[in-house]
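One chain comes next, on its own, written out as structure tokens in the form predicted alone.
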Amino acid sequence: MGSIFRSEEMALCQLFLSSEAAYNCVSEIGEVGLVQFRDLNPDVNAFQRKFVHEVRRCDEMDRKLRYLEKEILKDKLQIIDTGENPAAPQPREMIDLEATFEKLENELREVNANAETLKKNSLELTELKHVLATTQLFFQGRDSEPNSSITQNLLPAEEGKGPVQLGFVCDVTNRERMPMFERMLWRVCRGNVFVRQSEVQQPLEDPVTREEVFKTVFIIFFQGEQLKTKVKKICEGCRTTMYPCPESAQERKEMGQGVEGRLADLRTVLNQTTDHRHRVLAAAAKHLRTWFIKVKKMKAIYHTLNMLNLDVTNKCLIAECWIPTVDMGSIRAALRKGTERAGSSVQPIINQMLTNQMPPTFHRTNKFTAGFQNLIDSYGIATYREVNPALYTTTTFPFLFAVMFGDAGHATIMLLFSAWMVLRERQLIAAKMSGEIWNIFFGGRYILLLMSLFSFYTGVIYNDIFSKSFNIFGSSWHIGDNANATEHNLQAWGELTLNPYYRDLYSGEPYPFGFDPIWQIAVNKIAFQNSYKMKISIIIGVFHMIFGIMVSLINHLFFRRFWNIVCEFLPQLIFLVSLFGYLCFMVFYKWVSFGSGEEFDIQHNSDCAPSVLIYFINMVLLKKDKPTGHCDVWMYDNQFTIQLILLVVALLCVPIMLIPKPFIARRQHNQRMRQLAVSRQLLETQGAGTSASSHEEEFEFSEVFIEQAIHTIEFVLGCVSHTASYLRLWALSLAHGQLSEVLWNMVMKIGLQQASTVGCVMLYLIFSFWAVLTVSILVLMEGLSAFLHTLRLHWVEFQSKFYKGEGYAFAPLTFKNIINGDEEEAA
């Protein structure tokens, strides 16, 4: 639990690696995944580093693998994932990998180019076949006449003139371009051409885009060379494909037979080409994931090596890195293993360095705590070694959510979904389901599981299951002979108002667990439940904030900030307890000392029950109310004196939080400066000169005082606003219950009131509609709303009492993301 309670203790280490063993040592460190390297060459351009050539080679191999992956997915082949974790290849193996990838890429590009050429030829021959078939239909009547030509005597001869000579061209174009082409042809040729067209019924495949396109075959008849030139230019401009067409039927028939023969040959060659491509891709798919892992590991290693420095002899690489102190043994073992793999006789050296720099924050998490840690990290990475709120969030987060989402029925739906994800998590992880929303739900499956369990508990406390109640233990109320809410009793009772003062109706003993089910049909149900939920929300909020202040004590003790205990922790705790802790005390005192029944005297019955909020306001304003009737002004003896003392104590805490801390900070700064001056004088006396690392920032008392004033004002005002903010627990619970009740009465109740046979069918349809609205609105939307409000209560109201969140995350060199298929680099 130590790592989740407080971040791991880190050490800044210096590594000395021999040049021949550096690659293997970094590879083994990446397999361990517990070392964060620092860049020792921040001012060196990325293109001027020592291993930039190797990084470029890895980028080129990665590009070729992505090309192979795209072609494999295009052929709808499955990339085999054997689950193995291959080691990073040796540098000498890079040449073999490059040769393999180069051969595969060239072979695939050649096969693709040949296939594209064959498909283009096949498309042209197919279009020519349709052209010949279409012209055969157009000229069928003319071809039946002997010794006739389709370009002669198409029109009757005029007097004194010979027969009219007509020319024609045959073209093919996309079907959607045909209207535009006809309009242009009509306008340019002024209606002096004749067009016949026929649509090709079956779609043809485009060899470039591999999409299906629909074509149209058309024939244009014209007279004269001038029109012929215009028609051909229009066809070229509209990107139509022109095909030759013989004039005689016999020639067209012979050409068609030749086209069919060539098409058959092309299909045979194209099928062989496709089969060869498929075999190449299938063989590559077996090793593609392994190749990806190897290349990404090599790239991450060389990227890390670029962060290292070379010594003056160019035989040793020097690195600086952050390592968890508890893992120093495993890192040393990894370095020894890397040296043995490289066959080097020079052992690596690891030295621990002293530094004033803040180390990175590293929390070890498992599949249960990872989701809660992500909620905290979204607010801010914890400062090094400060208390991590994620440990407490595992309990407080689902509990506060459940207070707002208290419905056992809706919680059951959420429980079934989260339990399914938890029980089948291995299968779901292996399926590698994509989708941002799914990844969010699956990543927070344990959060959902706990939220649903807590919500089921609060739903039982509220006795609220889909806006209805269960009478498990028997009601404590008796109206007439019994308290069963039958149709006859409900009609007899009319509007039912419950008052515990009348003991002939109330037994005097509360319901054993949760709310009495009879409150579900009472007129004063909302008034009763609102009073309870509002007070319990304030109590939960005050205790939550007090707990946050108590956690700050752990930070002060650990970092040895003892003055903060006196000037910050104690006054904050006393201020909060004196005002809002006393408010909670009055709530409990009212619940215990006032009530209905014979056991309470006339001054402590329900008529004299005081308003806690009015008492609290009067406490702050130093105001006294006049007595009313037989009721006392105060809840207990000496109440005004005690309230005055608590108010004075709370006000005295404000200057204690504001004034001493800046003066203490200035005094500590002056002490450090005097010690620094003494050390400098001693160094100068010994002739060692001054140290550049002894620089101390200037202390601005005004800035420190203003900052402390801001923190003090923020805390004092925040106590009021944060306490009021916890009323969202009551508001969201009320809204959720009322929405659930409205949905039942407006939808489900209609189906249950149907008594006919048709009503059974209507009930089925209405239940489906009600179920969809319940899941979409009350579970998803209301659940998301309660989740966001709970997140705000933790980020603002709870964590602001002790959590700084000014650290930076531990980012080690790890190959885990590469193995899991993450696209991000491990470097």
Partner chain sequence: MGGRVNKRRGRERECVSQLIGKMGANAIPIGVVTAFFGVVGLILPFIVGRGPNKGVIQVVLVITAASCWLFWLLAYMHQMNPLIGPQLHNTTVIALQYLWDHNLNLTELENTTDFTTVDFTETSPVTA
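Numbering follows the first chain given and starts at 1. No experiment lies behind these values; they were computed from the predicted model shown.
The discussion below concerns the form predicted in complex with its partner chain, not included here.
Just one listed stretch, out of 471-479, 314-322, 186-194, 244-252, contacts its partner chain in the model of the complex at the 4.5 Å heavy atom level, and that stretch is 471-479. The candidate spot formed by F701, G718 and S800 lies out of contact with its partner chain in the model of the complex, as no residue has a heavy atom within 4.5 Å of it. Of the candidates R262, H669, H287, H604, H604 is the one whose heavy atoms come within 4.5 Å of its partner chain in the model of the complex; the others do not. The listed set Q202, T497, N745, T268 contains one residue whose heavy atoms approach its partner chain in the model of the complex to within 4.5 Å, identified as T497.
In the model of the complex, its partner chain sits beyond 4.5 Å of every heavy atom of R341.
At the 4.5 Å threshold, heavy atoms of E211 stay clear of its partner chain in the model of the complex, well away from it. Taking the partner from elsewhere, E436 is found to have every heavy atom lying beyond 4.5 Å of its partner chain in the model of the complex. In the model of the complex, its partner chain sits within 4.5 Å of a heavy atom of A609.
Along 535-550, these residues reach a heavy atom to within 4.5 Å of its partner chain in the model of the complex: K535, I536, I539, I540, F543.
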